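One chain comes next, on its own, written out as structure tokens in the form predicted on its own.
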Amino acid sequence: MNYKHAYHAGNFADVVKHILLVQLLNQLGQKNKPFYVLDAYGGRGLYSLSSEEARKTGEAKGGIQALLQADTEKAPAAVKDYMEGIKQARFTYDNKVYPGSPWWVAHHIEKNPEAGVRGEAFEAKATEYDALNYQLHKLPIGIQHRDAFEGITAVIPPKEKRGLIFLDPPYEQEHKDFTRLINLLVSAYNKWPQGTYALWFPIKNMEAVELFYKKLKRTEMRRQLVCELNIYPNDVAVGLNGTGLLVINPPWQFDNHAREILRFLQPALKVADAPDLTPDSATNVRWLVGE
């Protein structure tokens, strides 16, 4: 499968992923010490929800468009920060834009100019790199035409000693990609065990996801947290049943914040034709290893 994220920009998985990224950045920023952030699969910096690709799938309707219509007055702080970011991006560019994860990193750095945060983004595909470099070249984030499998271990440990490696791969070959990504995480962890690593993954084939979890447990990586939000039950055949984020070395109490965020988001992003899920199957934040 030749993955192109423009078809999926702003869907429920993007919303969940980017709000959890905002939470991670906010918590890392609570310490008065500089830190490094790498978005290892940058993609484009900005996506148009009026594009042919986005209109063809209509996935943003169950994601950012649904959240924009929800009552967020009592939402967790990271959700409110995310909504403010969407508002700023649309004011700066146009009201149909959806910002990708490199923009969220750059936005955090812009909001905290004195914090000493250094951000970078890798993109291996030439066309996507050109778009990313063009769209974000004025923002405080370094852009590199680079592959994550080579680049991550080359730039760590960073001079700042603290930081986040954020991975949002396309999963063009799901079973194979899970194994390759575990190997990449192990290599990075062995070189920089103090770093925080966040890996997004799709929930659509539970056999593949459970095997992924089993393999992770066999590694030497300590403190592995899994955050899951499901829209459809696992036995319903759809393109994407749920979305997950694996976080290695999460900041203190990130698990509690993530649990609160997912419990708020799941009913807000629930689609009309989806069967009702039990609270435990709708969202799940749990430790695979450690605590």
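Since the structure is predicted, the reported quantities are computational estimates derived from the model, not experimental observations. Throughout, we count residues from 1 along the sequence that is shown.
A second form of this protein, the form predicted together with a small molecule, is not displayed here; the remarks below concern that form.
Enquirer: Report whether the minimum heavy atom distance between E128 and the small molecule in the model of the complex is within 4.5 Å.
Expert: The answer is yes: E128 has a heavy atom within 4.5 Å of the small molecule.
Enquirer: Using the partner position in the model of the complex, report whether G242 sits within 4.5 Å of the small molecule, counting heavy atoms only.
Expert: Judged by the heavy-atom cut-off of 4.5 Å, G242 is well away from the small molecule in the model of the complex.
Enquirer: So in the model of the complex, does any heavy atom of A40 sit within 4.5 Å of the small molecule?
Expert: It does: once the small molecule is placed as it appears in the model of the complex, A40 has a heavy atom within 4.5 Å of it.
Enquirer: So, in the model of the complex, is S101 in contact with the small molecule at a 4.5 angstroms heavy atom limit?
Expert: Result yes; S101 sits at the interface with the small molecule in the model of the complex.
Enquirer: Among the candidate residues A198, L185, V79, A148, which is the single one with a non-hydrogen atom no more than 4.5 Å from the small molecule in the model of the complex?
Expert: It is A148.
Enquirer: Can you work out whether the small molecule is within 4.5 angstroms of a heavy atom in all three of H18, E123 and D168 in the model of the complex?
Expert: Checking in the model of the complex: H18, E123 and D168 are all within 4.5 Å of the small molecule.
Enquirer: Within 4.5 Å of the small molecule in the model of the complex, counting heavy atoms only, one of 49-57, 32-40, 256-264, 232-240 shows up; tell me which.
Expert: The contacting stretch here is 32-40.
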